[in-house]
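Taken one at a time, structure 1 and structure 2 that follow are two forms of one protein chain, written as structure tokens.
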Structure 1
């Protein structure tokens, strides 16, 4: 059960500058008076009743809080405190100032596979911890993989944004058609029962992009992308994977498997020879291979432009529709336009979530 404190947040924290803002509230930098530690405080407006159009549903906030309180791990954003008043909930979160991992990599002139693997290990360790507690993220993508502080020699990875995360209970059958098209698993598209294996598919897609600068299933439209995912339409193009090791390709192939039961788990992935080489030859192969940094830079630039474009379009569309729209359920566009910032460098546009309607 989520733990909410009844105290006033201002009694324990000094409220500082605004880091980000959105339809449902804002994120501010705060300083804990007792320790002097700096945190990020997410101030969320809560709907007063089921018919209100202002604010978030308290149950959805409580679910996210419960999950964050259950996944205290060095590679997952830390939730320290939660305060509640009549009109808002305040989440005290770790201040993540290093920006997105993909942006950090795009600033480099080169990157060996062995260096990229150090980041993948951290992602898998955080994910494995979640999965061991029967929790799936369901929204793994570059925008939700951050660096605590990019100035450190070995930056610490942080997984963020648990708005779509789900905690499984024994005997439950869970389905969802939410996610971002190029990262979601086939079982999501087909509205089949889900488990933590859906996250591992996303890891396969992210690894493919990291190494080549290409998105394996990306089509000209979302519909085409979804068809490519369902049809398993991907390949290792020689031009873009010329510097990629065979072990890296094998790692991806063991994740981009249509049957969820046959995919590697997070635990198995950490033991794969690409991540944990067994022989000196395997180590040498990793050190001779590198990511396609030139193409990766192009991919990341397109990704950032597309997110900015989509955010402007979505929010403008929301403003146009609002005077004419009556609803009892939260509007997905409102969630997409909402800032979910836990850092000082990422912008609200980097936290878009697309909701897919079921095809069944």
Structure 2
């Protein structure tokens, strides 16, 4: 079992800027006093008791920690340490300073499929490693695919956020309806037993977006998106996929398969000719085809806009929930507004659990 140290994290680390926020807390850059090394600290609020609506239960944090300890791979964020106080757990993680892969790509003027494949390959290698240990991520989306250092000629991919991840034990049947509508597999929506194949569906969606700048199942509302996923309502629009190789489309088609048993696995994906070409013709095709960068930039700009809109919306809602309060200095509650407000809308609760950082 993971060791949660009782020391106060602030006695050992200088706490720096906010790197990001999630539903249950913030991630901040920290500097270890003893060594001067910088890390990322994920502060997770723990539920006070079984009736409390705010924060996470300790068991789920323990699960996230145990999974992080089990997935030591160059394409997965590393966990260094865990601290615990009465109200929160702090995960000390490797600092990933290169930002999100999608933001990095959106800054480019063009990108060949062969260059995009280098990133896909790293994602699949990280995922394949997890799957080989019977662990599924269950929340793969652009926000959770980061780069260690974007200044390097071949930046290193790091998968983050194992808050929904699950380790399967033999004979166990696991169901969950958590996730993000745009990236969620049909079996998740239908509350069917899950396995690692659900992650491969998300890889299909991410690849589709990466190549075209279109989100295959996106509807006007989350409900419509979920319906489109369930009905497998997607196609390769000729206008947006005009620069895409047929191998890339084949790769996606083998992932966006409704039956999880028939979906390509991570191991199989790494051997697909789009990722691992065998003939010189296949190599040439990948170098001739490129991603639809113009439309991809538009997709990413919309995604970022929606992320900040959701953040402002949540903060405003918290302010509305606390009337008559005259504020002279920043309130710690409001600084952490994302983690302290729960979704109470009538939508399928867990399906929107992670919507804050997503772009549905």
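Take the two forms, superpose them, and find the largest set of C-alpha atoms that agree within 1.5 Å; that set is the rigid core. Source: prediction; values computed, not measured. Residue numbers count along the first chain shown, from 1.
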Pair member that is the form predicted together with adenosine-5'-triphosphate
2
Rounded to the whole degree, the smaller rigid unit turns between the two structures by 20
For residue 37, the CA shift between the two structures after fitting the core, in Å, is 3.4
May I ask for the C-alpha shift of residue 23 between the two structures, in Å, based on superposition of the rigid core?
8.1
